[in-house]
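A lone chain, given as C-alpha cells: the form predicted on its own.
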C-alpha cells in the first residue's frame, strides 16, 4: 500500500475508532488511505503517526480523528451530543472489503430495506420508497435528505411493533454520514445513528457505527447487537457489489427515483474532484469536470 496523492481525500478528517478502543500505552496499528498509521493513547493525550510524521489529532465525540492534509474546516457540529438524556454507544469497528464511498452510499439507500433487512427495517409487501427531498447545503458543504419515511416492522431495539419511521440523512463529508430517525419511545425527537468510515485503502474500509439514542428501556448490549445485526446484513451486500469502486461516470449505473440521495452524493464527490475509492474514468475527462 502507499499513501494516495488525491488531495481531496487527504484534506479530510477521518475516524480511527472510539477513544476507548485504544488501550493506554499500547500502540495500535491500523491503516488509512493506503498508509499504515499508529495510534498511541497516553495520560497526556493521543498521538497518531503516519507517513513518517506526527498527524493532527482530535478526540471529538469520544472518537479519535486525524488527517494527512489540511482540512478546510474543523469537525462537524453535532448538537445532539450535548443532550444529557442520550445514550452514547460505540458499536465497534467492522472491516469491510469495499470502498468507503460504497459504504456511505449504501447507508443512504432506502430501497434496500425490504430486501436486505427483511421484516426488520422493511417488508417485501411494502417496498415503495415515498417521495423525499434532497439538497446540497452549500453554506455548510453538506448533503441533506429530508421528508423520508418507511414502514418498518422493527425499527429499533426498543420497538414492540411496526411503525412508519421518519428519516433525515446528513452527509457531512465524503466518508461520514448521519441518520436522524424517529425513536419508538420519543416520536417528537430524533435518534442519531452515525457511520464514520475509515478508508484503509481504495477497496477496504473499517466502518465505525456510533449512536446517540433515546431509549430508556433497552440495555447497551441489546442496542449494539441490533445495530451490528443490521450492519452485518449490509456487509454481505457491500462485499459483493461490482464494480468494487464507486462509479461517477454518467450511465455507468442507472439510478431510479429512489436514488436521489445517491445521485446528488456522486455529483458532490465529482465537484470536490475526489478520486480515492472511485472507478477511474475512461472518457478522457479529468476528475471533477
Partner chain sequence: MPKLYDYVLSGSCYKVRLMTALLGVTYETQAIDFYPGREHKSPAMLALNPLGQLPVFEDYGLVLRDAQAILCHLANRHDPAGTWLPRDQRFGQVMMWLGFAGGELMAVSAARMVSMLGYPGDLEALRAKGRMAMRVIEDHLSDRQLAGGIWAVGDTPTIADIALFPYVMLSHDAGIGHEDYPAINLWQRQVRRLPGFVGMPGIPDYF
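What you see is a predicted model; the values in this text were computed from it and never measured. Numbering follows the first chain given and starts at 1.
If you look for the form predicted together with the partner chain, you will not find it shown, but the lines that follow are about it.
Proximity to the partner chain in the predicted complex, taken as a non-hydrogen atom within 4.5 angstroms, holds for one residue of 195, 134, 213, 91, which is 91. A single residue from the set 60, 228, 30, 40 has any heavy atom within 4.5 angstroms of the partner chain in the predicted complex; that residue is 228. Shown alone here, residue 267 lies farther than 4.5 Å from the partner chain in the predicted complex, counting heavy atoms only. Heavy atoms of residue 224 reach within 4.5 Å of the partner chain in the predicted complex, making it an interface residue. Proximity of residue 272 to the partner chain in the predicted complex: non-hydrogen atoms within 4.5 Å are absent; the residue sits far from the partner. The closest non-hydrogen atom of residue 240 lies within 4.5 Å of the partner chain in the predicted complex.
Highlighted residues 10, 67 and 73: none comes within 4.5 Å of the partner chain in the predicted complex, counting any heavy atom. Of the candidate stretches 174-182, 91-99, 139-147, 76-84, only 91-99 has residues with heavy atoms within 4.5 Å of the partner chain in the predicted complex.
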